[in-house]
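Shown below, as structure tokens, is a lone chain in the form predicted alone; questions about how it binds or moves come after it.
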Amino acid sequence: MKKSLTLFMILLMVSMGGYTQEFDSLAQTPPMGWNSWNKFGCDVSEELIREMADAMVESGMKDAGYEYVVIDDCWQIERDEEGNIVADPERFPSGMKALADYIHSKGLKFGIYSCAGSKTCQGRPGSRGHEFQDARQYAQWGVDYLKYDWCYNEGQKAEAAYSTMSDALRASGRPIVFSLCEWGDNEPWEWARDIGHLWRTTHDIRDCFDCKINWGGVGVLQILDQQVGLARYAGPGHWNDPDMLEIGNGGMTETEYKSHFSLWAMLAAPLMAGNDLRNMDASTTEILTNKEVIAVNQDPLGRQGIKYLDMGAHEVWVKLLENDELAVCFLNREDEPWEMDYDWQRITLYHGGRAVGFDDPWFTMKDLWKHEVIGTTRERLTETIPGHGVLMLRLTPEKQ
């Protein structure tokens, strides 16, 4: 009996070693997909999720790089006599395995939600005490992504609680992206790199550009400010997560939504859409499928952008890209237009371990929203940036 148990443990450790390697190789660029919460809250069903998967393909979002379809809270209703998590039979009559199979048939990946506490944020059964059981269930269903919340945590230590689920996912037999959602309260950027693939850095986003909701929800600019100083913690396989996208939900202007998308791309943030994909207008589709902006987000170098210049109402954000390229985003935080006059030759960056002035070499500037080259860094850059707007550029060194 003792020899059999020892052999079992050895086999388990070998198996987990393989799964650990697969787990660690996930999310080499920021995950892209869609999540149900921002638009639908608890009003989720298998019909809705199937329609979102269809729309992700038909709208061109799949071709643009979006792949995860994630159900947030309220899909679960109870646990059975053996403690297994049970999906709401009225809203998900075919079950989660059938839904995952449908999403996979579209060439997409399936994501799900749970919580490190005894209950989820909406009072459904959480995973505390059932981590390994739930992870095995997710693997059997074909889950590819887990968002793991922090409500009803009952005084647990965040690092320990999230480590337990991380271990459970590694042992489940299926590579599953692990998204930690403890709102940045315990500074997960300091400890979560070896636990999960992304971690929330703020409280929940709201569909507004410059606002603060009393109970903790925040707007785009408030979230942006909280990302300063976090760039060194991000990279392939481990990302700061400033929360999901609000583009298309109606609370901001087209200019503000373009800024929202541009800034999240500069931050190397996960791009998780949160709107109704079935009835997007042309503007929303254009923003969410802008492949040149997405390419900045998905750049293989995996560097998070930094706030390079802070001029109060005006900021300059810079993101280092592979092949000695740069993304530069000029942000106008105020309501009135910014008549910008920028002298590149007065700026020096450090890229590739060396100081780079914009006159050595010269850079070609491409406007990623106009999709056209607008000049080089030989000349001063003069542009009018609307209130709450951005000018987002990709800078490519000219061949010597």
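From a predicted model like this one, the values you see are computed outputs, not experimental measurements. Note that residue numbering begins at 1 and tracks the sequence as displayed.
Although it is not shown, the form predicted together with a small molecule is what the next lines describe.
The candidate spot formed by Trp34, Glu67 and Asp144 lies out of contact with the small molecule in the predicted complex, as no residue has a heavy atom within 4.5 Å of it. Note on contacts: among Lys258, His197, Arg200, Lys319, the single residue with a heavy atom within 4.5 Å of the small molecule in the predicted complex is Arg200. Distance criterion of 4.5 Å from any heavy atom to the small molecule in the predicted complex singles out Cys181 from the list Leu267, Met165, Cys181, Ala234. When the small molecule is considered in the predicted complex, Asp73 lines it closely, a heavy atom lying within 4.5 Å. In the predicted complex, Leu245 stays away from the small molecule, with no heavy atom inside 4.5 Å. In the predicted complex, the small molecule sits within 4.5 Å of a heavy atom of Tyr113. Residue contact check for Asp299: none of its heavy atoms lie within 4.5 Å of the small molecule in the predicted complex.
Only one of 249 to 257, 99 to 107, 146 to 154, 275 to 283 lies within 4.5 Å of the small molecule in the predicted complex by heavy atoms, and it is 146 to 154.
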